[in-house]
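Below sits a lone chain in structure tokens, taken as the form predicted on its own.
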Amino acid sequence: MAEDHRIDSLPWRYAIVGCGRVGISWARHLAVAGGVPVGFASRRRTSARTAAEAAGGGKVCEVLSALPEADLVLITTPDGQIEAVGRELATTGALAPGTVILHCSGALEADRLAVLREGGAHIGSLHPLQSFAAPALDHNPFEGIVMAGEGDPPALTLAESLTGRLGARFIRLPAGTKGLYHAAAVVASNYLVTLMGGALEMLAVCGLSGRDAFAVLEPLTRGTLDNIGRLGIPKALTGPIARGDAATVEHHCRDLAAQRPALLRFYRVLGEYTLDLTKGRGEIDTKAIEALQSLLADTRESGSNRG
């Protein structure tokens, strides 16, 4: 691969290591974007074959040393296998100087592939901020999403161009921030599910469950997300803590202690962070802040049992 190669210089050749849901989706849509599939390797040969079929071509490889020379190699294995794949690729002799190697982990940095630099490869990470519950073949799962990249400048140049070809938006992460980026995604996605689960459990006490309970909260939740996007975090915050209403918060804590004690600490921890946001707005007085702090810090009724 020539040092001045760019992904816009079609045709470009790509290989994928790790052909699960994500790898098969990449295989398909890199081909649609104009890439030439040359090789696929996976722990299960059938998975590599599925990826090749999705891409419309490419060699199915049982070992990494059999991978054809490529301009771009994507590693889409589970995180725990990325370093081992990098070490194996470094010993195969299959990579030409200037090859770009991108792993797709959301949490790990590009330096997990540092051994590949010794052979002249450019390393990076490119994480699609998307959930892949199944291989996406009939639609482009990358369209309109964000992809976050970090690593060597040549790898990032290629990653950014590739992202554009897939219809996504590229963001470049400063070195050393990958973990926080991934933690933010976990909070916004996984913890939102946890948050809604707690709210739905509280509604179950009110005789609402399942779809009925979700239907009650869905418009409120979507409206709140819209307000955050439109107004920003401080102005989107409403509710009893935002207005300094300690009496209502005390009522909540009392009822939770009596009827859903396992959720009292859940409520109070979230309340403490909400109070921090409220204090930053400077709209409630010191007396109200102190009353709320006392209520949210008081764990005497919460007990040690979460059952």
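If you're wondering where the values come from, they're calculated on a predicted model, not measured in any experiment. A residue's number is simply how far along the shown sequence it sits, counting from 1.
Keep in mind that the form predicted in complex with a small molecule is missing from the display, and what follows is about it.
Peer 1: Heavy atoms within 4.5 Å of the small molecule in the predicted bound form: which stretch in 215-223, 150-158, 168-176, 127-135 meets that?
Peer 2: Selected stretch: 127-135.
Peer 1: Would all three of Gly232, Ala236 and Arg281 be in contact with the small molecule in the predicted bound form, where contact means some heavy atom lies within 4.5 Å?
Peer 2: Not one of the three qualifies.
Peer 1: Name the residue from Leu74, Ala110, Leu95, Ile82 that puts a heavy atom within 4.5 Å of the small molecule in the predicted bound form.
Peer 2: Only one option qualifies, and that one is Ile82.
Peer 1: Using heavy atoms and a 4.5 Å limit, would one call Thr274 a contact residue for the small molecule in the predicted bound form?
Peer 2: The answer is no: Thr274 has no heavy atom within 4.5 Å of the small molecule.
Peer 1: Should Arg13 be classed as touching the small molecule in the predicted bound form when contacts are defined as heavy atoms within 4.5 Å?
Peer 2: Result no; Arg13 lies far from the small molecule in the predicted bound form.
Peer 1: Is there a non-hydrogen atom of Leu116 within 4.5 angstroms of a non-hydrogen atom of the small molecule in the predicted bound form?
Peer 2: Looking in the predicted bound form, residue contacts with the small molecule do not include Leu116, since no heavy atom lies within 4.5 Å.
Peer 1: Might Gly197 be said to contact the small molecule in the predicted bound form, defining contact as any heavy atom within 4.5 Å?
Peer 2: No.
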